[in-house]
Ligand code: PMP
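The chain below stands alone and is given in structure tokens; this is the form predicted alone.
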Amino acid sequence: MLGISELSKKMPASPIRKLVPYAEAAKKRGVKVYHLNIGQPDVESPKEALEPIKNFDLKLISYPHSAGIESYRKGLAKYYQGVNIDLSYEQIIVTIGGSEALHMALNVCCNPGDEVIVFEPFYTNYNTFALMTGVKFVPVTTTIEDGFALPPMSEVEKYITPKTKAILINSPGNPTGTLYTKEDILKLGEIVIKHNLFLMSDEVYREFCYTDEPHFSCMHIPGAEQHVILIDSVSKRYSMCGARVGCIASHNKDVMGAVMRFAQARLCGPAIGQMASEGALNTPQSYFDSVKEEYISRRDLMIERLNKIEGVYSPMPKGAFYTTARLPVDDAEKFAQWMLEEFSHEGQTVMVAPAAGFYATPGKGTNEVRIAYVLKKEDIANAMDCLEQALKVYPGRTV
């Protein structure tokens, strides 16, 4: 009998997408589903990104360079220089989304059995990349009561062992919207320099910071140039999730040389996606200002509504467009499935992402959900009405 690999059996189902069949069934029954489970913005992509596709006149779609189209990488270098990140285009390799960038980073920096410190909850697909590379994630738990803030660095150092190769961070973060301070980042820099570790920094939500202070990149840490690996993507910055274009960048020549060998093995990134991404580099600041204002407005509405529901608590996110909320239930996944299978309010219901899948520690986050405020405010208000009514009648409510 033919079988599948042991690795395949260990691959976790995505908490973001695993309930999709229930949502599809609800829609077939005529129920409107508000998708707060996935970070797919309803904000339009900038026209500057769409124009190269609309005006496409090539007679042949050929392989781009394995590192990415040179003119695009030069444009990326200029973009980074505009946010005070000193990179040349030779230090940037275009990837198939930020996901491939992180997968490459883990492959390049770690051997099977090596350890990487992560702060949980974290983006769920990190778990998958760790399994695929044989890396062991060592989770440092952050709590909803503290707004998922980083613990003292003295606590973080306790998790470092001879097998530790890197610390992986995401700021602003998915699934919590947590934004690490400049002081946090500098202290992490001190640790990776002291212990000779890599610092993998997922900064795909850089433009979505809702404080008065500008985003502080790990690339800004003085003296850490050989330690920092930048992970980035156009998906959320320009509302271009389907373009599947990201990048990996570092001043470390050995790292980038190894990444290049992986890039050559998969041939190249998507040509048309890179063309659109290069066009997106011409997006005016007014686009980002407008999008940021819209997300702040959505965030404020959602957090206010969530915290008015009896038994629900959400801290105030300072970046990205997610929050992780605690619900008065024992099993958030069962509740999320029940909302799709058995509940509707005025012909509507809500799809959320159970948060347990964003943790590496078993048993954590079982009463939490990730909610993305990526819909217009009218839809968010309706979704919050549905959630409030659902919790009033849910048989498994605990409070």
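Because the structure is a prediction, the values reported are computed rather than measured. Residue numbers here begin at 1 and follow the sequence given.
Only in words, not in the display: the form predicted in complex with the ligand, which the text now covers.
Proximity to the ligand in the predicted bound form, defined as a heavy atom within 4.5 Å, holds among 119, 205, 198, 180 only for 205. Residue in contact with the ligand in the predicted bound form (any heavy atom within 4.5 Å), chosen from 102, 219, 93, 329: 102. The ligand in the predicted bound form is approached by residue 236, whose closest heavy atom lies within 4.5 angstroms of it.
Not displayed here, the ligand is kept clear of residue 317 by more than 4.5 Å at the level of heavy atoms in the predicted bound form. At the 4.5 Å threshold, heavy atoms of residue 174 reach the ligand in the predicted bound form. The closest non-hydrogen atom of residue 279 lies beyond 4.5 Å of the ligand in the predicted bound form.
Residues within 4.5 angstroms of the ligand in the predicted bound form, judged by any non-hydrogen atom, belong to 123-131 and to none of the other stretches in 123-131, 253-261, 154-162, 189-197. In this stretch, 317-338, the one residue having a heavy atom within 4.5 Å of the ligand in the predicted bound form is 322; the partner itself is omitted from this view.
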